[in-house]
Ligand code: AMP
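One chain is shown next in structure tokens, namely the form predicted on its own.
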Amino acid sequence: MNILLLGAGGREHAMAWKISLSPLCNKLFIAPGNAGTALCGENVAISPNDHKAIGRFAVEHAINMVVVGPEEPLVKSLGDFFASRKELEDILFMGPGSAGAQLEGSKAFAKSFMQRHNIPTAAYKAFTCDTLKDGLAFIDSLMPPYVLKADGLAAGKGVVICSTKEEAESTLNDMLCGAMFGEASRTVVIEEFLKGREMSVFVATDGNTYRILPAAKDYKRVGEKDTGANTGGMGSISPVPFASHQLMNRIEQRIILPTIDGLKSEGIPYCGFIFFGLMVVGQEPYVIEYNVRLGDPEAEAILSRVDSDFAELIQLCCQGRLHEYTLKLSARYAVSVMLTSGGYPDEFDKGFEIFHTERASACRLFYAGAKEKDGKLLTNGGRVIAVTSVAATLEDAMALAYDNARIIDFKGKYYRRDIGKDLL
């Protein structure tokens, strides 16, 4: 098959790596890709949000399957575009249409969906600038801390946790009426704060059958011991030591199955990945958020533990034949440590040369914000490289990842030194 993968981050490098290993893959194109995906296939200078350009490329290059990495093209109806064009309708497409993409595209829709299908989640209400007074009254009815979420897409940074009522009131005003997150915060969901342990669970589904991919735990805060601003993700580990068989069974029965069944009952076709962001309170799982794609940096860890053919998984999903797929997982631990630009997630400089990648060993480097120019590897984003190691124990995987994180260098390099430590 000729396969087109959309995206440019570390998640897409990990997906490109796994797809390129498949005997099903004849030619892999990545749009727009990065320095890492160029090692797995051919990068193409097309935006994932340019529907017409992607469609033209797919026809001109006899693409058999399109795989969407990030959420934005899905929320912006790329799936619907392919389904509605005669020349594109026979191309396999991994990702939901706009109806299914609402699970991530609208926090208010997602919370309402969970409520309709009795899926455990935190108590919530949604507000707009016109109902700001009601929002302030709802804050007054809750106990701190307070969780405020922009309804739309905000590059993973649209969630603000406020420790005081005054901070929550000011933030709500800024989000709703001050366009703190632009269009994304025209509606804001305020929800009850749940205290517990976070984890991420992923499934691939053809709308009927599903396969549960490895679970992971990611680390969102920029500072060690989970302090500082939220980021796109500073690292991840898989499997999750506290995710017992009993807990995973509870997650499947109370969350995964009702979600798949709920989509079917509402007539929402869904072919793609679903990411369940969970909070485990005691031994009870609650959904914090849905995403309609794999996580980043979780993908770098979980795909390192998938031993079966990833391209075949995607193909059978798209063909409605996922029941034929046997998922094989490694029992080993994967640890991914994100090297970031100094100043991230706020302002940072880029264009600095990255040194010593050739000295990395017993790990895989998934490039996120990295590009090649004039034969040099340069930083090109806030999150630069996910250093990912796999070993028999969590301690050994951590040691390997951190040994390599220290070797690789660039101006302003920063990384958290406690990824996985809380789970030892």
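Note that residue numbering begins at 1 and tracks the sequence as displayed. These numbers come from a predicted model, not from an experiment.
Keep in mind that the form predicted together with the ligand is not shown, yet the notes after this line are about it.
Exactly one of the stretches 74-82, 184-192, 339-347, 246-254 approaches the ligand in the predicted bound form with heavy atoms within 4.5 Å, and it is 184-192. Checked against the ligand in the predicted bound form, the candidates L88, I288, V240, C271 yield a single residue with a heavy atom inside 4.5 Å, and that residue is I288. This chain is drawn without the ligand; in the predicted bound form, the residue among D134, E198, E312, E284 with a heavy atom within 4.5 Å of it is E198. Taking the partner from elsewhere, no residue among R211, L263 and C318 has a non-hydrogen atom within 4.5 angstroms of the ligand in the predicted bound form. Contact check for K220: a heavy atom falls within 4.5 Å of the ligand in the predicted bound form. In the predicted bound form, the ligand lies within 4.5 Å of some heavy atom of V147. Heavy atoms of V306 never reach within 4.5 Å of the ligand in the predicted bound form, leaving it off the interface. Contact between C177 and the ligand in the predicted bound form is not found at the 4.5 Å heavy atom cutoff. Taking the ligand as it sits in the predicted bound form, the stretch 102-123 comes within 4.5 angstroms of it through a non-hydrogen atom at K107, A122.
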